[in-house]
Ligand code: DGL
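This document starts with one chain, in the form predicted alone, laid out as structure tokens.
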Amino acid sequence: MQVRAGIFDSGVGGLTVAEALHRLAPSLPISYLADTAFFPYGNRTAEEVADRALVLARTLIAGGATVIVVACNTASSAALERLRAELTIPVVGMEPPVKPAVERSRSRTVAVLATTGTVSGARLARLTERHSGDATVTTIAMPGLADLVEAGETASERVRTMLSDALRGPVAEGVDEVALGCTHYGFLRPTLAALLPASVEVLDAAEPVARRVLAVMAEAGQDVPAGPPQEVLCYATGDADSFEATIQRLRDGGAALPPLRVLRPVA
């Protein structure tokens, strides 16, 4: 059986998941689909996002994907159950790392940074209720932050100001764990580390999700092939040149990215 992981997101954010998956299983063929024509998802209804997610998943399946990774918290919240009901291959979704953040918190005070769509979604509310326990979990909507990352901005003055303003209060209240609820925010870890006290830990879900993908594939009898490291094949539904330019800006800024080959746009 020829296996291939198909990953999609609204833009470049899910490349954090692709990087983790490639690092753990470099010989695994990976296709990455960036839905830049519909970016950002946070401005769309849950129904629109779910409909779009189904189109993207089916596009990846048509390209040979044997497992689908919804590398977007907003799309996972809106579409995960529907994708699992309508598709015949395994589907792995994202969720903000609330549980590990609460488990690791010494102060019992946790902040979750997420898009407006994720903050308003029922999935994050259920997750927080299930795992908060005796901890105080504060969710903070960050409108516009993913847009800056999508443009390749990860350490600009605008980004630093936005993060500082959002986290000043929570840090003063004793937050010691910051959970990232958007895959785009994974590219902001160095900036967050520079802004936050050394006592505050930043968690994202990219590597845990990558490990889950490999476990799900193994359970489904999908063995990762032996062989040399593979390039991640990337497609954008919008302008491919703009997508490549963003990737280059992220690389120039020191972002960890897998070897990528950007192909022509898809519908």
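Numbers for residues come from their place in the sequence shown, where the first is 1. None of these values were measured; they are calculated from a predicted model.
Just so you know, the form predicted together with the named molecule exists too; it's not on screen, but the next bit is about it.
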Which of 168 to 176, 192 to 200, 82 to 90, 115 to 123 lines the interface with the named molecule in the predicted complex (heavy atom within 4.5 Å):
115 to 123
Indicate whether residue 97 is a 4.5 Å heavy atom neighbour of the named molecule in the predicted complex.
no
My question is simply whether residue 29 lines the interface with the named molecule in the predicted complex - judged by any non-hydrogen atom within 4.5 Å.
no
In the predicted complex, does residue 235 have a heavy atom within 4.5 Å of the named molecule?
no
Would you mind checking 142 to 165 for residues with a heavy atom within 4.5 Å of the named molecule in the predicted complex?
146
